[in-house]
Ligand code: 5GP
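Here you get one chain, nothing else, as structure tokens; it is the form predicted on its own.
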């Protein structure tokens, strides 16, 4: 059984003003970046120094967030990332629950004897850290960071910069507050963050209304030419080859949310987005019915996630990967039936 992170004990540990390292998963999204920066700003407010390590690059539409200039991308400067790791007293792992999500930075973090704390909202955490604050019912890791600060009774230290980052984590991981994970508590937290004076309109404009022409053309092509509905299966998918991505000058984040368009089709309750990248296929799965896509991702695509939103990867060709998805869709997403 995993050891739970006790907020009171953590508060006592932080009183010694340790040097903290905050890590996030590779390919960091709005919640990974937002929650990590939110925690960074809070630590700064209580006098705790912190470094931020991202395993690799993240979307341009998040690089305006306050504190982003402090994020070290390990794939670009591994020596500096390792130096910060060596100098840290504590390691915080945010928005992921398996060390493989650290990419090439995994080995160094696992080898470190520094205490490791996980704060995450994904299911089935692996046993690689010392203490865990995990809630798979939470809307986002950003929500959990806010709740942790509440446990410290120090929400008064949440300034505009901290609030901006945490709100970005909330708004991106809840699909602009439309997913089933949104609760009255989530809306209360959003309200409290807005009360700091942070500009929620700016956040929306920067994250959702700031596309390049290439990004819009890629999305238009994907929706008009590459969206397939699997007849009588209540499923749809979008797929893109690496050649197609290059044609539209693909940048990280350009396909963010595409899978939700497939899910929005009338009669579709499960959707997938598949694309070729660096010799393998990456994928996102979404559901708005009874199908738990995290089980599909785990069983077929070396992945996992939430019941309604999951991801994974395939070492097979795009054609063979899509064939697997089509087969399980035609089997009613019953893995046992598919095996027969």
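Residue numbers count along the first chain shown, from 1. Only a predicted model underlies this, so the values are computations on that prediction, with no experimental measurement involved.
Beyond what is shown, the protein has a form predicted in complex with ligand 5GP; the following relates to that form.
Shown alone here, residue 287 lies farther than 4.5 Å from ligand 5GP in the model of the complex, counting heavy atoms only. Ligand 5GP in the model of the complex is approached by residue 101, whose closest heavy atom lies within 4.5 angstroms of it. Proximity of residue 41 to ligand 5GP in the model of the complex falls outside the 4.5 Å heavy atom cutoff. Contact check for residue 55: every heavy atom lies farther than 4.5 Å from ligand 5GP in the model of the complex. Every residue in the set 122, 302 and 305 has a non-hydrogen atom no more than 4.5 Å from ligand 5GP in the model of the complex.
Screening 276-284, 47-55, 64-72, 33-41 for residues having heavy atoms within 4.5 Å of ligand 5GP in the model of the complex returns a single hit, 276-284.
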